[in-house]
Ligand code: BMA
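Just the one chain here, laid out as structure tokens, in the form predicted alone.
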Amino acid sequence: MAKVINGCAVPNLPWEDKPAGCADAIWRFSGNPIIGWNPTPHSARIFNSAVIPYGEGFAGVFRSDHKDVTMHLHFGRSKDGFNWDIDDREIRWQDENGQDFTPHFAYDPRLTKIDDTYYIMWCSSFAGQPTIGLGMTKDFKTFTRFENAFLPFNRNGVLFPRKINGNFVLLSRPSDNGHTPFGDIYISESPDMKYWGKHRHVMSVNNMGWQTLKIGAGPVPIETDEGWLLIYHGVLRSCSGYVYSFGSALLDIDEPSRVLYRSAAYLLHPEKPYETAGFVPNVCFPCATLCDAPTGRLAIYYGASDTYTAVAFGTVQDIVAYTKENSVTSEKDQSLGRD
């Protein structure tokens, strides 16, 4: 069975046991959604957000779509991972010289801890166009934004939780300026979080229905003794619009541009009313996991219908086994994505 390596214990992990008779690798929290409409005075909806253990509880960076229909990042706190106290006003960013550097828009954050620093990635504004924003905090009080890492257009920046071969490593999905009707997952490296290169292709869309239009990295990859466990979203175009589901893949530990296994069937698909009806219906969009390394238990946070925040549960062991047993193909002989 797969084991988590280089992970930490989260004894207070939010958790609910698998329902009797459930044969799926993951299952939904019976109290979903955990964040609904109008959660703060300025916020119409909070979804597609990132959480992490912090202190005796949890901290989060949340996507808030304001009532003036602008998108911003807010900070939140929780004792149990289910009930969140989210600041009503957006995070104010400064540059490395202490000057205001707050983006015009910001959405779909991810959050990674490396050593004593919490790195934040999001879709940001660069001359009014979407690209990957990068920043950091050490205390969730002062937030420092770095210079733009990539040119437009790019989304779904996800940083690995440690350096690989001496470099920071980031997944992304090059895109366009609209509701992108295409997209593969790529990987890039940096010695200093400023200059990015050694770009490699990781995964393409394929002919499996739920991921035929575009794919994108989801939560921060989890390091296991069988590879990096990546939960990612896939999109199909249906008669009534886009449908977002999520699945899983295993990437090589030392060369994560190599895909070892990739789930042919989805892990989670829009089925519940909070996933099929809302501001943008038929969306399950994973952005964060909490993982208790000793047990392999996972709490997966996902956006539902661009309206709600929801949680699903599973174990690393079951998801790795599911990924291998239901793989599109074993891709151990794949090239390193340079072509």
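The first residue of the shown sequence is 1; numbering continues from there. What you see is a predicted model, and the numbers here were worked out from it, not measured in a lab.
The same protein has a further form, the form predicted in complex with the named molecule, not shown here; the description that follows concerns it.
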(message) Check for me: heavy atom within 4.5 Å of the named molecule in the model of the complex, for each of 48, 107 and 244, yes or no.
(response) yes
(request) Select, from the options 310-318, 281-289, 34-42, 53-61, the stretch whose residues sit within 4.5 angstroms of the named molecule in the model of the complex by heavy atom distance. (result) 281-289
(request) Using the partner position in the model of the complex, report whether residue 214 sits within 4.5 Å of the named molecule, counting heavy atoms only. (result) yes
(request) Could you list the residues in 300-322 that come within 4.5 Å of the named molecule in the model of the complex, counting only heavy atoms and keeping sequence order? (result) 306
